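We begin with a single chain expressed as structure tokens, specifically the form predicted on its own.
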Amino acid sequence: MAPVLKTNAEIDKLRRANAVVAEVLAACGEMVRPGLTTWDLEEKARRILEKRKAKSAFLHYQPAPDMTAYPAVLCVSVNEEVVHGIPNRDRVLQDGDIVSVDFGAFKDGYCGDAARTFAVGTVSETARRLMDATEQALAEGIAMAQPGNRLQDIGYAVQRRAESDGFSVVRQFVGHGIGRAMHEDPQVPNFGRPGRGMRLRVGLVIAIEPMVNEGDWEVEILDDGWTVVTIDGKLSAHFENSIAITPDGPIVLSRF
């Protein structure tokens, strides 16, 4: 299916939805500390959703009939958890952990989606390098989201940055188009070959979201049906922004 290009008016609505997302992620980042539970973050996100009169994009999300509906408004993934970690009252953050927080929200019929990875207390040099490399990979992927470029130019830029820093990019989960639905065409892989894939056009709005592992790029899903973890138990980091492609280049809609 061809991606649905957005008008300037629709991009403004997407910007408002992403403002709620950015507010939640900023609030979570300020809260993160040793001793906090992942459910504490969930409760904060729910309060902001109610205050902003927005709707969670994640709560009760069920991508397939045989899957359990997602039970929270946040995805909170700690250390070897890559994405889709379920907030839990018993999961206490420890000094040295890294925690990724992924959040999506609908406002006035349009969806925002973004993620950040935060350090809990004092983290290892490896953890800090991983987080920095993932955030930089996102920035370099966004920089390639120019009208006339190809879709895999984005993935190639992400992969090149992550691998040049000694890390690997997850292949089983990818970014996506976004608009009236959280997941629209096209899929946006974090790997690829330059000059391949659909041509990027003005009005395309996509979520670019590198998931970068300390070790092997392969992952597995836990018995809860949602939590994705690295296959070797090593660390993973996740950063995401929703961006609009304009005549002047990419605009980040979910910036803090």
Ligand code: MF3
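Just so we're clear, the structure is a prediction, and the values are computed from it rather than from any experiment. Start at 1 with the first residue shown and count on from there.
The same protein has a further form, the form predicted in complex with this ligand, not shown here; the description that follows concerns it.
For a residue to qualify, one of its non-hydrogen atoms must sit within 4.5 Å of this ligand in the predicted bound form; none of E81, L130 and F167 qualifies. Shown without its partner, this chain lists R171, R91, H176, R150 as candidates; in the predicted bound form, only H176 has a non-hydrogen atom within 4.5 angstroms of this ligand. None of 56-64, 26-34, 188-196, 213-221 except one has non-hydrogen atoms within 4.5 angstroms of this ligand in the predicted bound form; the exception is 56-64.
Contact check for M182: a heavy atom falls within 4.5 Å of this ligand in the predicted bound form. For C75, a non-hydrogen atom is located within 4.5 Å of this ligand in the predicted bound form, even though that partner is not displayed. At the 4.5 Å threshold, heavy atoms of Y70 reach this ligand in the predicted bound form. In the predicted bound form, this ligand sits within 4.5 Å of a heavy atom belonging to E209.
In the predicted bound form, D102, D113 are the residues of 90-120 with at least one heavy atom within 4.5 Å of this ligand, listed from first to last.
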